[in-house]
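One chain comes next, on its own, written out as structure tokens in the form predicted alone.
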Amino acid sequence: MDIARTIERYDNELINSVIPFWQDHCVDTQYGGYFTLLDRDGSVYDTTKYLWMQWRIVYMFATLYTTLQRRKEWLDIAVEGFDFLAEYGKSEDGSYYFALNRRGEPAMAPFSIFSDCFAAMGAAALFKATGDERYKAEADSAMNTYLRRLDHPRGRWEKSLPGRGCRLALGHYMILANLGNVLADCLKTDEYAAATADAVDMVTNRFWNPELQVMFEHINRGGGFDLDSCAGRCVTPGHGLESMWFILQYAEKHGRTDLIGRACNYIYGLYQFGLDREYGGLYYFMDALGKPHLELQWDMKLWWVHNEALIAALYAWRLSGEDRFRVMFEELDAWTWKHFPDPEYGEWFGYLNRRGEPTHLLKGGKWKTFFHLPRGLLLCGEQLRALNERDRAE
């Protein structure tokens, strides 16, 4: 693999395709915030403002400003989004709504703690970019709300009854592991170090099943795995791979060499488990025992799964030095770039069928925004540069 040419490809896609698409189409200049439900050509097909998607855009433009180029227009987009969300997005108890209408009026209750998570990330990235204390205050507030809600994430919005059983979700802990890293970096604080370490421990020690060699999406609250239900057997390869590069990032920062080998093995195991050996790419959902999955889209190929898998492969390749991760990256890179990019309008398709054909032409939606793809391109570029420098030194 020509690493230098691969770096050039990732950089070019980020700077000349993905960023301009969102910069040109996402900003709501009339009411504030962002349009995230964008069709293939960037036209708006729905003006609902989902808070996960909104705060992720704040985070990405602020992060690009501090890591890629200090372009004032990127910082301005992040600041304007923050102002809208801080004014309209927060409920009376300090948590953030799930959705607003275009004008900023509450449209969906604050049932998801991920709104608070991404608020903390976005505000923290803005503090790093500007040093303005109001962003730090908002990051701390949102982070503390997230931690406060962790034991009962939906609170009064929970619709499940006791008969369903109580499970812990991988997403809540893997995102906390990443969130702790982000806040430590952006706020220069160790206030959340203990919570971050606990999340890392949860992900690596409780959600991984050593017998089946997979990362479960849910575990029983008291410990152990529920193999008698579809929800209990659910495996999301993309989540597992994303969580593992979070763990590798944490392990490298804190000198946890004990975690690096384990996380790398988990990455390879998840890749082998999630790989579609007939059509290529990674499945969206899987059943740990190979039984039918209730999610009808289980065999689809999603952009974010492949973005996160590429990052995980590069982290594992760089930190372990093992050639199997180079092969993993090259396989994923070839399949991903063949199927997801849109050469006509820019940006990437998000949803493909099992064969790799687009099922939806949209570029943004309720779950797709300016986040996984630009973050993936940015971080893959960083990891590739580090690998290239290492090769030159040798």
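Just count from 1 along the sequence shown to find any residue number. Keep in mind the model is a prediction, meaning the values are calculated, not measured.
The same protein also has a form predicted together with a further copy of the same chain, omitted here; what follows describes it.
All of 8, 80 and 375 within 4.5 Å of a further copy of the same chain in the predicted complex, heavy atom check: No, the whole trio is out of contact, none within 4.5 Å by any heavy atom.
Contact stretch among 25 to 33, 333 to 341, 39 to 47, 64 to 72 - heavy atom within 4.5 Å of a further copy of the same chain in the predicted complex: Of the options, only 39 to 47 has residues within 4.5 Å of the partner.
Exercise: residue 162 in contact with a further copy of the same chain in the predicted complex, heavy atom 4.5 Å: Yes - in the predicted complex, heavy atoms of residue 162 and a further copy of the same chain come within 4.5 Å of each other.
4.5 angstroms heavy atom contact with a further copy of the same chain in the predicted complex for residue 94: Looking in the predicted complex, residue contacts with a further copy of the same chain do not include residue 94, since no heavy atom lies within 4.5 Å.
Partner contact for residue 109 in the predicted complex: a further copy of the same chain, 4.5 angstroms, heavy atom: Taking the distances in the predicted complex, the answer for residue 109 is yes, it comes within 4.5 Å of a further copy of the same chain.
Interface membership of residue 229, a further copy of the same chain in the predicted complex, 4.5 Å heavy atom rule: Yes.
Residue among 284, 216, 173, 250 with a heavy atom within 4.5 Å of a further copy of the same chain in the predicted complex: Checking each option against a further copy of the same chain in the predicted complex, the one that comes within 4.5 Å is 284.
One residue of 220, 101, 257, 144 in contact with a further copy of the same chain, assessed in the predicted complex (non-hydrogen atom, 4.5 angstroms): After the contact test, the surviving option is 101.
Within 59 to 80, the residues that have a heavy atom no more than 4.5 Å from a further copy of the same chain in the predicted complex: Heavy-atom contacts within 4.5 Å come from no residue here.
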